[in-house]
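Below sits a lone chain in structure tokens, taken as the form predicted on its own.
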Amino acid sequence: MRKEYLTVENIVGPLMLVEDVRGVAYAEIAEILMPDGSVRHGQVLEVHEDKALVQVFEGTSGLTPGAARVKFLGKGLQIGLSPDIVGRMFDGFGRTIDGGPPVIPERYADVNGVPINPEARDYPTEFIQTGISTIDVLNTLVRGQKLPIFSAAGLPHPRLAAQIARQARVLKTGEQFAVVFAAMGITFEESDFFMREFEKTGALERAVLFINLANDPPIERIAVPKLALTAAEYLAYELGMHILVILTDMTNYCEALREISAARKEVPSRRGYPGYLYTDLSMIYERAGRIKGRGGSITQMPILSMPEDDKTHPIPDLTGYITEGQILLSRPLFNEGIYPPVDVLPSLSRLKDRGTGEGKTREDHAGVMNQLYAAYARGRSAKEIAVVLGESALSETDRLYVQFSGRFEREFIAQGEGENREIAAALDLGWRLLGMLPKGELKRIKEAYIEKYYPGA
């Protein structure tokens, strides 16, 4: 029988201080029994001597010192796990919210997992097809990789996240694949959009959803990615499945961290965020990967909206240090009506070379990728020169590149929200665009592939 404490000494915002406690641990879950008989829950944020600082999930409204009884449960936040979690929706505490019956767990797991030991990591080498050309061809996602999407306020990252969740798959037949989708701090409209999209398209049958709304407690927002990753680790490393984890929006997660840090009166670091922001993010991102000797894998696509479109903001800045590249969304492309507005030139997948080539995508993939990138970069550069000096300053070849860059944006980058392009179709489209250029300009593709794939060859 756990001891109950009547020693709530102080209450500030969502925090309460409990004194004269014994045997209480960091991150332990507490039950707060209210005078009216209702029960609230909290989590220990800090322990010092005989004092415990508790964050109350449901808020401290109506709580008064000395009137509430606090019982520490001797365990951290847990989630019940079984194969039946696939196809279900959960809230930030791991409770079902889809109207279905409760999941009967085979076991419970503490959500405070640990990053994969670098010694145990297996190198990511296998291609994941998202059906989006700018990712599959130019910034290839590899199984076990951490590839974030850097967006900004007003850009269509929720739509892009839903599209990736619907379309992503591994190309090998017989591979069990599922998506764990975690949404943090979203509006009711966004939540309704995600739920309808998953149900309407049938993607829910191979997905696990965790939904946290903007008006839910900040401490719940912090728990959501940990719940999602604990579920992903179970499916990947115990059931042998290949899991794509999509976390949106990590900026809301970091804002919750900052809010709790301020309530604890911690010394702030850059832009008011806690000094441990880098460590906290790494504890989430580094839970993705492949483990030697195990069949399953976890691939991560965190999505974050950059405050004020600032790439140097602490959240995208620190995320870039931890992950293996980034997909950057462009406001100018979005303003031109291009979806998805992926800014190809600053985007990067550091592991793309490991997931492309014969037996994975297609033999000509690397050459087409490099040539498209180079041609688009030259076309953009020539367009900028024409703005300053006029088109008469451009050579005939440069004018071709300007035309290429325009068609590349309209035909290759742009694709329908419901359009799922196979990798072979995306490469063929790349070749059709490269057909605008003379063969002599294709200096990044092997001659044998030019003879085989060049339009009209």
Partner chain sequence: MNERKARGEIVKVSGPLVVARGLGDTRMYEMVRVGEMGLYGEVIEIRGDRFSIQVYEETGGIGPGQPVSPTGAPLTVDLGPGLIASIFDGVQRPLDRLKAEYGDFVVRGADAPSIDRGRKWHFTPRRKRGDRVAAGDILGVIPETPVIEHRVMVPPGWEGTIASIAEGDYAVEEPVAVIGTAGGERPLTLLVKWPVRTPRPVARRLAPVEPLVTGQRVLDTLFPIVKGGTACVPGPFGSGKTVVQHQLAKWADADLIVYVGCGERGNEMTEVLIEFPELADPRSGRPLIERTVLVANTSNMPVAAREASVFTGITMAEYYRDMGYSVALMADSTSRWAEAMREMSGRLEEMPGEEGFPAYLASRLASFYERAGRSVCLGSDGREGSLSVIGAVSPPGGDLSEPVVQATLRVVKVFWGLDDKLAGQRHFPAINWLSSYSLYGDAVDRTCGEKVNRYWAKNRQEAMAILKREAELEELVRLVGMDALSAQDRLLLEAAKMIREDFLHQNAYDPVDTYTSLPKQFRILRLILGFYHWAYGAIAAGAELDEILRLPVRDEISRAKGVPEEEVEALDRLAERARAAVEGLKPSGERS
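It should be emphasised that the depicted structure is a prediction, and the values quoted were computed from it without experimental measurement. Heads up, when I say rigid core I mean the largest set of C-alphas that superpose within 1.5 Å between the two forms. Residue numbers count along the first chain shown, from 1.
Just so it is clear, the following notes concern the form predicted in complex with the partner chain, a form of the same protein that is not shown.
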Original post:
From the list 124, 379, 158, 341, which entry has a heavy atom within 4.5 Å of the partner chain in the predicted bound form?
Top reply: 124
Subject >> Contact assignment for the partner chain in the predicted bound form, among 262, 171, 103, 322, heavy atom within 4.5 Å >> reply: 322
Original post:
Is there a non-hydrogen atom of residue 365 within 4.5 angstroms of a non-hydrogen atom of the partner chain in the predicted bound form?
Top reply: no
**OP:** Evaluate residue 302 for contact with the partner chain in the predicted bound form, applying a 4.5 angstroms cut-off between non-hydrogen atoms, and reply yes or no.
**Re:** no
Original post:
If you check in the predicted bound form, is residue 27 within 4.5 Å of the partner chain, heavy atoms only?
Top reply: yes
**OP:** Examine residue 445 and determine whether its closest non-hydrogen atom to the partner chain in the predicted bound form is within 4.5 angstroms.
**Re:** yes
Original post:
Which one, 385 to 393, 65 to 73, 33 to 41, 422 to 430, holds residues whose non-hydrogen atoms are within 4.5 Å of the partner chain in the predicted bound form?
Top reply: 385 to 393
**OP:** Just give me the residues of 109 to 132, first to last, that have a heavy atom within 4.5 Å of the partner chain in the predicted bound form.
**Re:** 114, 115, 116, 117, 118, 119, 120, 121, 122, 123, 124
Original post:
After fitting the rigid core, is the C-alpha of residue 351 off by 2 Å or more between this form and the one not shown?
Top reply: no
Original post:
Does superposing the core leave residue 19 with a CA shift of 2 Å or more between this form and the one not shown?
Top reply: no
Original post:
Using the core for the fit, does the CA position of residue 386 change by 2 Å or more between this form and the one not shown?
Top reply: yes
